[in-house]
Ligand SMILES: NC(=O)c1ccc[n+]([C@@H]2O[C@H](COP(=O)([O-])OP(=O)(O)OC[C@H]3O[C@@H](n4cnc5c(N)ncnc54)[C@H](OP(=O)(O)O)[C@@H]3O)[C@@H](O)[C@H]2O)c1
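Below, in structure tokens: the form predicted on its own, a single chain.
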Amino acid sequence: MRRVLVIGATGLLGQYLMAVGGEMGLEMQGTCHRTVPKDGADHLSMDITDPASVIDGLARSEPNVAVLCAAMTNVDQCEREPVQAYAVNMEGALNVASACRQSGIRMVYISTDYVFNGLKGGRYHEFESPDPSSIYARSKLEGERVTLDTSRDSLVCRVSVLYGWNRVGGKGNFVTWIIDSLRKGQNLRLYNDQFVSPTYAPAAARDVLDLCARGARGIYHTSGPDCLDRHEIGLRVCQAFGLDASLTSPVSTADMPLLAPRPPRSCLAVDKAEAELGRPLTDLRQGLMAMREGEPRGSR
């Protein structure tokens, strides 16, 4: 693995893949579609729903590995626009996987914990059968399947609730939304019956690239190792950043229903990735500490 193409390099995980790959001495090239990077980085333009655009981008960058981060990730928007969700998350993945196979490029597909229905009551391992409950989750699972069906050397990495400072596109995430809202003195109601495995984006980027460098293939869970409800995550953010926890209150999903169903407990088991990498994955406490120490100037 020498040259890596990050498809969707302006997203949260994509931007850290670019940074971490550079630190590892890899030749990194990124693509963007609608979001132009604020840092002026020179990214290729690529629309994954257009096969010709994908083929052209791969031909111009000539990577050994292509990491597909680009996706339609707004869960409720996917429910409202299912045709577009499948066009991006499934057909887009098929376009990239097919072009990679034709060019002898290894593919890495970034997927989600939402492929599970969350009714098990415990953490999910890679060998367990998915059962997605939303359009978003179904389209992402189809993206996994076409990736793995196209080449046995492909790698699928599932993450959950990515967080970290967005230094490129400016789009927020669950943790930065909590920080920004509480610093403005706003009251937040956070679900206490939706359990997830919050994933620190810079750490996940390193995990994905390390797994790829080791020749890992198939499915790996590269989330954080925690299993926390969203209100507990909020309380830990308050503790890490010295924010007023009294502004947060727990609420159930029954009291604040969402358009698209969410799995009640989609926590991921990370034993397989930890065994392959020979180290523990980054938990929420470590991720929040790193965020606090690396907060960009002017973000307060």
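Throughout, we count residues from 1 along the sequence that is shown. Only a predicted model underlies this, so the values are computations on that prediction, with no experimental measurement involved.
We do not show the form predicted together with the ligand, though everything after this point is about it.
Please determine, with the chain shown alone, which of 68 to 76, 181 to 189, 214 to 222, 125 to 133 has non-hydrogen atoms within 4.5 Å of the ligand in the model of the complex. Of the options given, it is 68 to 76.
Looking in the model of the complex, is the ligand within 4.5 angstroms of a heavy atom from every one of Ala203, Ser266 and Arg279? Contact check failed for every one of Ala203, Ser266 and Arg279.
With the ligand left out of view, which of Glu27, Asp56, Asp271, Asp47 would have a heavy atom within 4.5 Å of it in the model of the complex? Only one option qualifies, and that one is Asp47.
Which pick from Met107, Val175, Val196, Ile110 sits with a heavy atom within 4.5 Å of the ligand in the model of the complex? Selected residue: Ile110.
Would Ser160 show up as a contact with the ligand in the model of the complex if we use heavy atoms at 4.5 Å? Yes, contact at 4.5 Å.
Verify the contact flag for Val88: yes if a non-hydrogen atom of it lies within 4.5 Å of a non-hydrogen atom of the ligand in the model of the complex, no if not. Yes, Val88 is a contact residue.
At the 4.5 Å heavy atom threshold, is Leu12 in contact with the ligand in the model of the complex? Residue-level check for Leu12: yes, a contact with the ligand.
Any non-hydrogen atom of His33 within 4.5 angstroms of the ligand in the model of the complex: Yes, His33 is a contact residue.
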